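Listed next as structure tokens is one chain, alone, in the form predicted on its own.
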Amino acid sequence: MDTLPANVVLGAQWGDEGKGKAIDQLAAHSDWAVRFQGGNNAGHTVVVGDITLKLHLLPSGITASNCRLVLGCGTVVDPWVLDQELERWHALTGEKPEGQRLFISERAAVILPFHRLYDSADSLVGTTGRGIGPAYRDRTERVGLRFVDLPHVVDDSEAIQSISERMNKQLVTVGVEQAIDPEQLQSEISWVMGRFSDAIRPTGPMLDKALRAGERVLLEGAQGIMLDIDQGTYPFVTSSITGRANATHGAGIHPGHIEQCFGISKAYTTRVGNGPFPTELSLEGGPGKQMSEVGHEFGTTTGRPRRTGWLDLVVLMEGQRINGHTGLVITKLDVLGGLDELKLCVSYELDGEETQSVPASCEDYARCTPIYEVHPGFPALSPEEWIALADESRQGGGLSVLPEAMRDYLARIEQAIGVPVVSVGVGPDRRASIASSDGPFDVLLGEATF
């Protein structure tokens, strides 16, 4: 069997782990960066010098001009959000990548205004309200529109009328007063076709051909494994499969291509929205407040404050079971600097029994209390001192440049998960990373090429 390498970057917690930075670092050595699931409910932040990029649909690999970009068949795409993001990119760089190095799978689902209206009625899960769930639901019910379907309905007035009637009936059932106008819907579909006709392609065959030619493909996940629709903390999850099993499927290639799978985790834990969170801390003071303020823990997409807590090794073990990471990237280690002690959740207590598994029922999960190990803290360093350590690590020192308390903290994570830590984030800038010597992230980080 002809198998050629693709690498995967996945969230190992509830999302917001810092995947954008890891992808940015790997993109310079990749030929393609592919989003395989989710939509603009995700937010990747990439910091390059004085420039902070907040990406929602565009793959984080856009920072490397050599890297071609794909929104895969497993994604749901809001064309209006993508248009705005592309306009911002053009204003920053002068580049218009659509149809040149940005391609949208013809099989990707289209988010329409109806989906955002329907999603706005949610009050249980705490969704972003971007229409992601309703778009995936329409796809599952086989009534949604993919990009490839648009030319077949745009001039069919009966189809447009039927689609509008279905949408309006559903809006009424959830108490949304605004209605979908058939003529407006037809106009919107026509605009989408005109705006993105150059970019809509059969991207699965394109990627297969690239892999067979020896090109390297980077598959980037959106949310984390604990938000997976099947394996996460249901119903407080996203609407797609966020794990490794969907990485190649959502890109339109086979799983034998995967070479390495990197799980991204903060040095502590955060989550946005509702749902159980055993290691959660108060944002009003103490370590939880430090994590929130020093870590700037606000959602890239929503701006909502993230809930914060100690690092949960049970969650990381769960992610390892599902995704089989070959390496861990631990981000925001610098945020913990200055705390006298650090706690690691090594198991839960549920109804008097100790467990190292995440219960399938959120009702049971909400009754879990964390069992902690206590580890010594380490001093806070300035951003300049962290960068200096990172520069030293790239001279051959690797992770050994870190103080002993930090190395011990990381070693305990490795021991629990059974996977090596290959990179440690110590600040938002792309240079603020300390990689294991000769590991996959031990690469020269130059200036961005955009």
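In this text, residue numbers run from 1 along the sequence as written. Predicted model only: the values in this text are computed from it and were never measured.
Below: the form predicted together with guanosine-5'-diphosphate, not depicted.
Exercise. Would G61 show up as a contact with guanosine-5'-diphosphate in the predicted complex if we use heavy atoms at 4.5 Å?
Worked result: Close contact is absent here: in the predicted complex, G61 is far from guanosine-5'-diphosphate, nothing within 4.5 Å, heavy atoms only.
For this session: Indicate whether G427 is a 4.5 Å heavy atom neighbour of guanosine-5'-diphosphate in the predicted complex.
Result: Close contact exists here: in the predicted complex, G427 approaches guanosine-5'-diphosphate to within 4.5 Å, heavy atoms only.
Problem set entry | Non-hydrogen atom contact T269 with guanosine-5'-diphosphate in the predicted complex at 4.5 angstroms | Result no; T269 lies far from guanosine-5'-diphosphate in the predicted complex.
Exercise. Any of the heavy atoms of T203 lying within 4.5 Å of guanosine-5'-diphosphate in the predicted complex?
Worked result: Taking the distances in the predicted complex, the answer for T203 is no, it never comes within 4.5 Å of guanosine-5'-diphosphate.
Exercise. Where, among 97 to 105, 207 to 215, 330 to 338, 350 to 358, do residues come within 4.5 Å of guanosine-5'-diphosphate in the predicted complex by heavy atom distance?
Worked result: Going through the listed ranges, the match is 330 to 338.
For this session: Select from 11 to 47 the residues with a non-hydrogen atom within 4.5 Å of guanosine-5'-diphosphate in the predicted complex and write them out in sequence order.
Result: Contacting residues: D16, E17, G18, K19, G20, K21, G43, H44, T45, V47.
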